[in-house]
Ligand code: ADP
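Taking the form predicted alone, here's one chain by itself in structure tokens.
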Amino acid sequence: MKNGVVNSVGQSNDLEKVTTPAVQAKLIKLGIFRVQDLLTFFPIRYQDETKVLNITEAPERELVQIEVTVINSKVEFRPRRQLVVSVQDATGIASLRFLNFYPSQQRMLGAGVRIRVVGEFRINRQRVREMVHPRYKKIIANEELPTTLTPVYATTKGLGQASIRKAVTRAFAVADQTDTLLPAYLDDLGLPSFSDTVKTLHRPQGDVDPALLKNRSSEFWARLSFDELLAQQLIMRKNYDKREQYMAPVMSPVNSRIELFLSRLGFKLTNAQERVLSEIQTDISKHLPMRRLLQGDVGSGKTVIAALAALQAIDAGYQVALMVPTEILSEQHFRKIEGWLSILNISVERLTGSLTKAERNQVNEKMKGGFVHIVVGTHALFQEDVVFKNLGLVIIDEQHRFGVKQRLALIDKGADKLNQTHQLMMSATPIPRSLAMSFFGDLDVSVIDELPLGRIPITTKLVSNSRREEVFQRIEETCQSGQQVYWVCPLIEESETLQLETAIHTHDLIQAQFPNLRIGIVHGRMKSQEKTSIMDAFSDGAIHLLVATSVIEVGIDVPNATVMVIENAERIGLSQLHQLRGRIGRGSGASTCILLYSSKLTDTARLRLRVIYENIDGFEVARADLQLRGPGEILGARQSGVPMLRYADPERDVLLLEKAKLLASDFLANHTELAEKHIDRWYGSREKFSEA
């Protein structure tokens, strides 16, 4: 690959300066596209080869280095072919065992050869100290021990540590290591220089405290964390400021229709709903494109806010698209919004993949002609054949379920070089403040932080599988009282077919247990019309108990359902457990979520169940989920467009994050070139993926 060749992410590849084409290809798989990237590709751990221990004093099951003389080497068959090398130093004898070896190794390890060996000791069956497959090298006369720790990097198939270390060493000779932070900033933050940081972390001195490296608590790791957070904040600040380059439809509220809608709603908005509605109405009344994230716990009333925002856009003469991740959720939103808005002479349509071609064409023609005011749909909304006459507002529910390109494909249907649509993104998965600052810093964030009046908190119970008879008795009592029950089947990620079989088997067992009850089943393999029919029957009270997979995780609203049983709850993540639990407790009666668990629980599973049992607040659940799973899983951040963090942790480094957020604005305003250089050092042209 020649210098200047552009790789798959549009970055100029100069790796040929430091390594071979074959190694370049492997480095690219690790996300290393440029020589500069090698400087910020830091070790995952270190090996201490700065000192030598005697055979007898070296601890067992710890990585140690010894200097020994070969006594003899021989090939043994017990039962497979292996090379056994006897070695000694002044304190004793040990054995080196190689299960895979070449004839050249046996020749090299001849009697009298002096070697330096790195490995872990164990005691074999003959009660001899032994290393299995250690690293070794022949000692060169007068060769001194290294003075720095040996770095160990993340790697990929076919790429050895020696190749990475050699490339990093050469990168130091050619890569730019000048600092992007001014001396005044470094003094204020108490951080070391960039060049000192990369040299120390790639090649730490042998006398450095190993705990500081292992725990990433040194000032050098703090510098890395700050740099990475600053680069992320700079990108998002640029995206935020970039809005001013575009125009968006001005949607001033027409109070008469909004007031009529509110008067017919049947309930009063909470103070939190009124606050976030005011924020959204103010945004879409301006000529700048709105980019707002609406967060609200399960059942907090986000859908009615979306409907009110849509009503303001429609009154201003624009169309609205509401995109959701599942067919069931699209059906639920469609029915609710149509019920609210159709009496106001507003046309609401639904567009999903399950529609026939003729039905899709009919909806598309009506949208293209401007006869549809609001369309609710799934991924079908951003297909090429979908055309709006005058799209002004895009609402994306459960936004983390969609990828960057999918969101852009829909948003672009109402945009051109000078104009963009307003965007409202909604999430029922509360995001801890530190994550919101880090990954949504380019958005304005609204939070509905209270539930509707009269909502009774859900009681959560942990019940062992051995007590299923008690659960059956509770179900019977609930259904006889006229209320309804969800029974959620375990999630079997490795096999969708097995999950389906489990749901069907569970349905048959429960039907046999309760022959007088009407039992329904809904799962992802059913056709849309089948699912809709079953959900309608459940909503109407014609089905007493609904067996379901995770297709009911979001959007289902049946106030009469007061009990939910979740089988093998220990297999399910905290966020999803909280979402599922939120399907009940939507009426005026008391509701109970029963988490069935197996007797053999891992420590993580036990902790997860304790968190969900003790917390009904979604933000507390999300905070615990963050500690257990990390930000990528919670945010869907692999699809979010915002660069993921490799070294910084928003929760651990929240003080550094706050400082980076403050510094980003000053950096862009007063030190533009340094800001661009800082972004390039950490992300290169991957910055473009953050603009969704």
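Bear in mind the structure is a predicted one, so any value in this text is a computation, not a measurement. Sequential numbering from 1, following the sequence displayed.
Below, we refer to the form predicted in complex with the named molecule, which is not included among the displayed structures.
Partner contacts here mean any heavy atom within 4.5 Å of the named molecule in the predicted bound form, and among 176 to 184, 296 to 304, 463 to 471, 93 to 101 they occur only in 296 to 304.
At the 4.5 Å threshold, heavy atoms of residue 268 reach the named molecule in the predicted bound form. Interface residue remark: residue 557 is counted as part of the site for the named molecule in the predicted bound form, having a heavy atom within 4.5 Å.
Put simply, residue 336 is close to the named molecule in the predicted bound form: some heavy atom of it is within 4.5 Å. Residue contact check for residue 589: none of its heavy atoms lie within 4.5 Å of the named molecule in the predicted bound form.
Contact with the named molecule in the predicted bound form, defined as a heavy atom within 4.5 Å, holds for exactly one of 192, 452, 524, 370, namely 452. 273 is the sole member of 326, 150, 273, 225 with a non-hydrogen atom within 4.5 Å of the named molecule in the predicted bound form.
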